Ligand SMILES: Nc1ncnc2c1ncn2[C@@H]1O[C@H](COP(=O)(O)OP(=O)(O)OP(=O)(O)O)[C@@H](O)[C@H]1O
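A single chain comes next, written as structure tokens; it is the form predicted alone.
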Amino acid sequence: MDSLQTIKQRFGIIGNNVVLNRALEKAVQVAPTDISVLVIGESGVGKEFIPKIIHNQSARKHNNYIAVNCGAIPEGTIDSELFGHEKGAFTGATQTRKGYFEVADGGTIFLDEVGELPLSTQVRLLRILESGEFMKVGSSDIQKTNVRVVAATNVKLKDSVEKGKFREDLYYRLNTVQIDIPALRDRKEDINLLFRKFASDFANKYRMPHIELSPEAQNYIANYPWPGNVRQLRNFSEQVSVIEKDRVITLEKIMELLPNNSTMLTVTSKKEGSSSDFMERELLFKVLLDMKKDLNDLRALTLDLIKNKDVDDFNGNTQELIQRVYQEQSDDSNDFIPSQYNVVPSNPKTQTYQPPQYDYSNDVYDVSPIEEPESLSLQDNEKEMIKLALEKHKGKRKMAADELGISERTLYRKIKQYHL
């Protein structure tokens, strides 16, 4: 029997998640038997690999393996597809046809989305599982088949049983062994591995340089909910590989291309209560961090303008303004405060700072009073300072950004935000 690593290489499975490894080990363990297996997992997680592994590691590997998507076959023809039909059994049946269970005799049949089967078909399937017997549509002759059945579903079959949409006896017959495949959001350590593998494959396929993600972008996709799971990640990596000209993808570009997390919360909350609560907290935390960064940028800009005497009009005491700017600052935001202001925490527990001490004895200019500003909005003042900086440097963004003490990318984002 092959090792777990060998199986991963053979079937192209990427990842070292504990739950994923446990699912693969269980598949290998049950492969030599004829036990029916039910694979549980969300759409796009890669459930189709489990029946392939089971078939490949079993004594049936030299016989037929057939995969059937039960949800893609119309209800009126699914019995004919699975069990076959006799000539003249219905309109259009011009000749006798073998069904999948007859063709797969001695091998394995994979019933994907088994929860979509009609109740009449479920009765036929139960008979095959219990006795190996079936009848073609339009025939009264009993036929025998020896087939290993592996089923998969992305819905909770227990709920379908309670609603009368799925037979309880068939559920327990299929669910002799249950294998759970984790969602991609529960395999955070595997997400960047999968992305690099997909990006490498598409670079070779389309004959273009490999793309790479910045550290911030890697962290973002690792914490993204991925409602479409591995299928969505693969499609996203192909999109980025083909469309983007820059081979190093930044966080800003990733956030433009991926749907906003907030839109994903509504979809996911219908399936998982606790998971959606966690993602909502994560989203709020990210928004707060962004707000904190913007406030820190504004504080740094204000202080820099005061220090460089670029504020010609100011009503009040400079020390009082600096105190207001840095009131209740946290320890980690103290990095950009010039040392001459000597801002120190008065109480580490509350992270509140004493008013900055500054020696004004050497100042050679007077701050003349002006009229009270029309607006005290940080946003309005920030917009005005950006306009002044752009006018001063005749529209040169790099020089204006240096003057404002922010990055050129941040300045560009602000220009778009304020329609400057």
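Each residue number is its position in the shown sequence, starting from 1. Definition used throughout: the rigid core is the maximal C-alpha set that superposes within 1.5 Å between two forms. These numbers were taken from a predicted model, which means no experiment stands behind them.
Just so it is clear, the following notes concern the form predicted together with the ligand, a form of the same protein that is not shown.
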message: Between 156, 231, 144, 127, only one gets a heavy atom within 4.5 angstroms of the ligand in the predicted complex; which residue is that?
response: 231
- request: Tell me, yes or no, whether residue 14 is in contact with the ligand in the predicted complex, where a contact means a heavy atom of each within 4.5 Å.
  value: yes
message: Is residue 49 near the ligand? Define near as a heavy atom within 4.5 Å, in the predicted complex.
response: yes
message: Although the partner isn't part of this model, could you tell me whether residue 86 comes within 4.5 Å of the ligand in the predicted complex, counting any heavy atom of the residue?
response: no
task: Spell out, yes or no, whether the shortest heavy atom distance between residue 194 and the ligand in the predicted complex is within 4.5 Å.
output: yes
query: Any chance 186, 390 and 416 all have a heavy atom within 4.5 Å of the ligand in the predicted complex?
result: no
- prompt: Based on heavy atom distances of at most 4.5 Å to the ligand in the predicted complex, which listed stretch, 58-66, 28-36, 41-49, 382-390, is the contact stretch?
  reply: 41-49
task: Output the sequence-ordered list of residues from 398-420 with at least one heavy atom within 4.5 Å of the ligand in the predicted complex.
output: 409
message: For a quick test of reading the superposition: does residue 24 move by 2 Å or more at the CA between this form and the one not shown, rigid core aligned?
response: no
task: Could you check whether the CA atom of residue 397 moves 2 Å or more between this form and the one not shown, using the rigid core for the fit?
output: yes
- request: Answer yes if the CA of residue 407 moves 2 Å or more between this form and the one not shown after aligning the rigid core, and no otherwise.
  value: yes
- prompt: Closer or farther: the CA pair residue 236/residue 410 in the predicted complex, versus this form, with a change of 3 Å or more?
  reply: closer
